[in-house]
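Let's start with one chain on its own, the form predicted alone, as structure tokens.
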Amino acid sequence: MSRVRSFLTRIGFGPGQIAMHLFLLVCAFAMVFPFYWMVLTAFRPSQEVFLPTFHWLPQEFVGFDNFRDAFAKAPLWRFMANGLIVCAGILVVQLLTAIPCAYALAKFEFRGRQALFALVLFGLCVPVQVPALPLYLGLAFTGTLDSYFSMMLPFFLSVFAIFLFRQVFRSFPDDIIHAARLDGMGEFEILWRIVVPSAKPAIAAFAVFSITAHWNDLYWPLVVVTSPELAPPPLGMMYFRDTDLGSSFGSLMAAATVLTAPLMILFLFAQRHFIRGITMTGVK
């Protein structure tokens, strides 16, 4: 034990740092364990879920049966395609609306700018449940319920994106913008050709936030969608609910694993840009 303590002291690990790393390991385990349980249940029979003792590995491997049952019970590929369409449509419109708004708040001097920014901050406090009824009535009046558009409409304007990109654009040098104006470039050309390319890490970070939020959203699709062929991944998981026989936990967790995998892969590829984008904005 003394040798371990001396080794940790030599490499710069004091008691405080050791305690902090142990705490972070416990937190990491608490975050990862539900995913491990999901994958573990996807590869074992449902009966093992209720065993009095916990086993780190399946006692009986039935993973192929669970995944086959999952794809047989529900059109998982269709659910993922719906989720991709909804998330991509929302993200594109959010970027097209939030980036110019954020640029104007960050670089233009006009009367009422601080009041508009205060409204943006206020909008961060308003959950989607508050305007749900007026939005539903409006969609019903226009006959656009039960469509991709109805799932995307409430999220086209993201106040969080406006706040995030405003923080990024404020740090962009004004001298470069003034020089571009002297060269005859218009404001939209300056924005999309000069300012936006420098904000790619922040855009990647927001893309991760947006896609994760709307891929996992159950509340709003449950309100506006009734057709099974339009169901996004969270709504599609309700196919595995059986009030008479109970849920088949093996196929349920197999489907959850399949529908969660795209988000995990996305984050692994965007991890470096995601961290850079967060540190650029000063948002912790």
Partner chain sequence: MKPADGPPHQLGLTMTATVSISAIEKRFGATQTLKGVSVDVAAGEFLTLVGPSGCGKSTLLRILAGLIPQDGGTIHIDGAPVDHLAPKDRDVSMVFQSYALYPHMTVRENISTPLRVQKLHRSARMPVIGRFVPGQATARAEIASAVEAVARQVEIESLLSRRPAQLSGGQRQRVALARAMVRQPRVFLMDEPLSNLDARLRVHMRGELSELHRQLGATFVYVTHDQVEAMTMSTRVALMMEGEIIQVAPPQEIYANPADIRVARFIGSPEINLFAAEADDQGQVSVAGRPTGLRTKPKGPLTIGLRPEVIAVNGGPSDIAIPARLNRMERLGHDVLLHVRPEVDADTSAIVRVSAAEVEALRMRGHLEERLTLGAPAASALLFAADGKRLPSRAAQGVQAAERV
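Numbering follows the first chain given and starts at 1. The model shown is predicted, which means the values in this text are computed figures rather than measured ones.
The form predicted in complex with its partner chain exists for this protein as well; it is not shown, and the discussion that follows is about that form.
This chain appears without its partner; in the predicted bound form, the one residue of Val93, Val159, Ile176, Val128 with a heavy atom within 4.5 Å of its partner chain is Ile176. This chain lacks the partner; the member of Leu145, Ala204, Ala180, Ala81 within 4.5 angstroms of its partner chain in the predicted bound form by a non-hydrogen atom is Ala180. By the 4.5 Å heavy atom rule, the three marked residues Gly184, Glu189 and Ile194 all count as contacting its partner chain in the predicted bound form. With its partner chain left out of view, the stretch that reaches within 4.5 Å of it through heavy atoms in the predicted bound form is, among 161-169, 85-93, 68-76, 194-202, 194-202.
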